[in-house]
Ligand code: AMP
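The form predicted on its own is given below as one chain in structure tokens.
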Amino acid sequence: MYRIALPNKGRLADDSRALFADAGLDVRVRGDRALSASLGELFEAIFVRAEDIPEFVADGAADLGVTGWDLVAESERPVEPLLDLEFGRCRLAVAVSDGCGIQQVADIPAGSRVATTFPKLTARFFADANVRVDIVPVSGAAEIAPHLGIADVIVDLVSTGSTLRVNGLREVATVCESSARLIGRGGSPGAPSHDDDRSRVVRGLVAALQSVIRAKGQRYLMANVPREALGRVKQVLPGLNGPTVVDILNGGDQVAVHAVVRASDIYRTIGDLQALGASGMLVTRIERLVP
């Protein structure tokens, strides 16, 4: 069994479980408070704090893990990113009070106090910017620090920026971009060890997850179109490698075309095909997509 460390709570936990389920790896727990669960035939899930997952993977307590890249970078543990899971997107940002005159990092006065739950990333960022600051580690709610006089500047995770605005803060710089990642132990290319069986299993898992991620936001479209309009249809339906064209039994001058289309383009694509005389259109969701 290969052990995968998954977040035990929060949005990362929910999205991780949903992704693995879509890939055919349902999390089967024995109870609501279970610390581990079956994850298909080859994997076992263990549920731990997201911030502890880089440590578990680096130390070998877990073969793989899912956590935010911000937490991986802050941990400074020797792990390797195997796949960007494309959820949990956010950024670690430098923010200051609205009323101050600071417009960029270079404007921050030397000796300013910076409150953050990411002291290592913050220290590296300001050192690289050649700005001397005093780091004030906090366990959460960094945005309140300037109002309490604890700090002059904060470095905190930002998604939409609404929390900063509500608290009278604004961004002046981005420390790093983050999203959920599948990680493995460092020192090996794309697998937790050099063992061939382990490498094959991990590559299979990465491919399964990647096929689900690739399918998100895509739709499979089928339509009957006039054969004489195929040249123009190919411009409307580029697909992955162009549309698939299939002869219809007793279809006369009609042929069937199949293509993968971005969900955001479906409305326009259907209208363009109708203008070319298309009929019998069918749009379905895609569970997995392997190019």
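Residue numbers here begin at 1 and follow the sequence given. This one's a predicted model, so the numbers in the text were calculated from it and none came from an experiment.
Although it is not shown, the form predicted together with adenosine monophosphate is what the next lines describe.
Asks: Within 4.5 Å of adenosine monophosphate in the predicted complex, do we find a heavy atom from each of C90, V158 and T163?
Replies: Checked in the predicted complex: all three residues contact adenosine monophosphate.
Asks: Among E80, D152, E143, E74, which has at least one heavy atom within 4.5 Å of adenosine monophosphate in the predicted complex?
Replies: After the contact test, the surviving option is E143.
Asks: Just to confirm the contact call: exactly one of 81-89, 94-102, 121-129, 199-207 touches adenosine monophosphate in the predicted complex at a 4.5 Å heavy atom cutoff, so which is it?
Replies: Only one stretch qualifies here: 81-89.
Asks: My question is simply whether R11 lines the interface with adenosine monophosphate in the predicted complex - judged by any non-hydrogen atom within 4.5 Å.
Replies: Within the cut-off, so yes.
Asks: May I ask you to list the residues of 44-64 that have any heavy atom within 4.5 angstroms of adenosine monophosphate in the predicted complex, in sequence order?
Replies: Going through 44-64 in order - heavy atoms within 4.5 Å of adenosine monophosphate in the predicted complex - there are no hits.
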